[in-house]
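In the form predicted alone, a lone chain appears below as structure tokens.
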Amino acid sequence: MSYFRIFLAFLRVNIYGETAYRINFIIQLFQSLLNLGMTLGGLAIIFTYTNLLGGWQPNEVLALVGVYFLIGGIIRLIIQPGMEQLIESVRDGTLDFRLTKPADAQAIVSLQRVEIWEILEIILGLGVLIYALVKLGEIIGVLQAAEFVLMLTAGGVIIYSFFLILSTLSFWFVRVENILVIFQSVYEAGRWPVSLYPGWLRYGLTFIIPVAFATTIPAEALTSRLNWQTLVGAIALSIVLFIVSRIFWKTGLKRYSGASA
């Protein structure tokens, strides 16, 4: 509950900051609609030439696109902004102010910045996902819904841990923010089923840069494609990666000398 209160405090501060420049809402809405339109347009063009894409039917891919926008919105809402702020604060020494707080420093840097207009992308993603499920005529049972929520949570933890590991590199290297930009470029591959890609790329998008766990695997839960091995593997990976990222964060923190050094 204390971490939730911390999040609410940071959220209020960020809301005050963003609502001072309301043109940002219009810009974000335009960008989100343009991105969604281009994605759906590309999808429509592709399925004029084929009925299957990596073994997925059109409405199944549409559900995947919904998950892609949903997770992408969450990443840009809170995960990436906080990690970018962490990198900057390590470079200019302002991380000192976070470390002196009584709450856990990792929690503070993870929650410190919220890009509130990114919630538009989450709403669009949910809308596309619901529309796709209606078109599929799927009756989502309790088990299926639970698997989806579980995989969505596991995917979120995996992406967060991956971002934290990349950002913690700032304790050793001067500029690592470009790595986060590269991840965003790679994440765009997640709008298509990972089965579409050749074996080496499929492996890379699953285990090296875990995009598949954020998009394809949660979508598999909704389209009755998820097997128990993948479910257990995703949960195990999220736990292991979270522990590794925590250890890596603690190790990097020992190297931080502060603004006075």
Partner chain sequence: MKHLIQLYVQQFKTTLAMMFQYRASLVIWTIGQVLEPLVYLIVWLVVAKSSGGSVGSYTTTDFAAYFIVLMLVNQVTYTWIMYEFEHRVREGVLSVALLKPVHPIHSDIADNISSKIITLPIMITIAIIFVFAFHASVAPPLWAILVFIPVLLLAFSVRFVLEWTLAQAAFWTTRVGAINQSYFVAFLFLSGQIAPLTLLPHPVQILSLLLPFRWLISFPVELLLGRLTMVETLIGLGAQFGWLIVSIILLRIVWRAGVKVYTAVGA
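This structure is a prediction, so every number in the text was calculated from the model and none was measured. Positions refer to the first chain, counted from 1.
The same protein also exists as the form predicted in complex with its partner chain; that form is not shown, yet it is the one meant from here on.
Taking the partner from elsewhere, N24 is found to have a heavy atom lying within 4.5 Å of its partner chain in the predicted bound form. The shortest heavy atom separation between W200 and its partner chain in the predicted bound form is within 4.5 Å.
Although the partner is absent from this view, N178 contacts its partner chain in the predicted bound form, with a non-hydrogen atom inside 4.5 angstroms. Taking the partner from elsewhere, L53 is found to have a heavy atom lying within 4.5 Å of its partner chain in the predicted bound form. In summary, the region of this chain contacting its partner chain in the predicted bound form, judged by heavy atoms within 4.5 Å and restricted to 58 to 66, 217 to 225, 192 to 200, 231 to 239, corresponds to 192 to 200. Within 4.5 Å of its partner chain in the predicted bound form, a heavy atom is found for every one of Q31, G41 and I46.
E188 is the sole member of E88, E188, D104, D96 with a non-hydrogen atom lying within 4.5 angstroms of its partner chain in the predicted bound form. Only one of I182, I119, L169, A145 lies close to its partner chain in the predicted bound form, with a heavy atom inside 4.5 Å, and it is I182.
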